[in-house]
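Only one chain is included here, represented as structure tokens and corresponding to the form predicted alone.
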Amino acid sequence: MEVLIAQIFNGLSLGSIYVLLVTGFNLLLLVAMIIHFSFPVVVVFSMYVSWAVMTATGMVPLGILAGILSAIAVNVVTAPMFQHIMKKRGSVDINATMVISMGMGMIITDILSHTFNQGFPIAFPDALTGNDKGALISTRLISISRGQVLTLIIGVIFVLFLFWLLYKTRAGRAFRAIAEDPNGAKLVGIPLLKTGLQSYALTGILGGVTAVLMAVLLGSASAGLGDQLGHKVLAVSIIAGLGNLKGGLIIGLLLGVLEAVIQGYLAGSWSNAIAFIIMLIVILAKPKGVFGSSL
């Protein structure tokens, strides 16, 4: 029972990361009609920038700030590539954005593998992860680190903030109006391109915060981590239903818990295989996802 409790807590921490990644993915999909498959790659890039600044300066707060700003910068700078596609909003254009995004992800991954730390994985300082202070809760079988607790708490707070922003503010109403009816939103005076650019900036902030939380939780990163996360984000989005924010929240947490429990009781890397088996079953049974697509 103690092992199960520990793995469930680990899974909730991991699931909160999936939720943040899926929320950013879905936000761009809903507002800008972009399948940003490389969004997790941008997050890993921000982790590397944060690590580089911390290594060069020895200042953790400056590294955190650099990671968040780099995610915003990459999202905003690459926005013009997608701006003309936003005007058409057709299914062919959506597929084109996915191809562009995948190409962008490959370029970033190559930069990470050839520029930072001579291609070797990076490790974040204990001052960020909290490993130098030992476990926060430790019993005979349970060990919960400060990084896990911090990741879960900040992840939940940030997700709640995003949902408040989307459902309780004027900017959020504009985002949802474009998602539901872009032509109608344009008729009532909502600027599609400007609002789309705001969504890039918002997802940049989301990506930066996610990068910091991943650094705290994992303590390390590699150039290929973004591709691995990209597959998980796509799986969660398809299982929940493309563009379904609330569904992504639930499925993201469930996938994190499922992975942690599987890793705790089964030898080998079965968690990835089981996640994609579930995705295949859902596609066959409910092509629009468990909660339905919002597109």
Partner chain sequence: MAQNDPILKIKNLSVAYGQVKALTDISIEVLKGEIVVLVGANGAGKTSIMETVLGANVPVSGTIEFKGKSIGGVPVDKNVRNGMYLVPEGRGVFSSMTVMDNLLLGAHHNLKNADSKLELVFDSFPVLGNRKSQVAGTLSGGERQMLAIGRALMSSPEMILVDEPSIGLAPIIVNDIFEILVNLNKEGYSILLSEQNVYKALKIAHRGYILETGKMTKHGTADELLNDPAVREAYLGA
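Positions refer to the first chain, counted from 1. Just so it is clear, the structure is predicted and the values come from calculations on it, not from any experiment.
Missing here is the form predicted in complex with its partner chain; even so, the following discussion is about that form.
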*Going by heavy atoms within 4.5 Å, which of 73 to 81, 152 to 160, 214 to 222, 173 to 181 lines up against its partner chain in the predicted bound form?*
173 to 181
*Using the partner position in the predicted bound form, report whether I190 sits within 4.5 Å of its partner chain, counting heavy atoms only.*
yes
*Determine whether any heavy atom of K186 comes within 4.5 Å of a heavy atom of its partner chain in the predicted bound form, and answer yes or no.*
yes
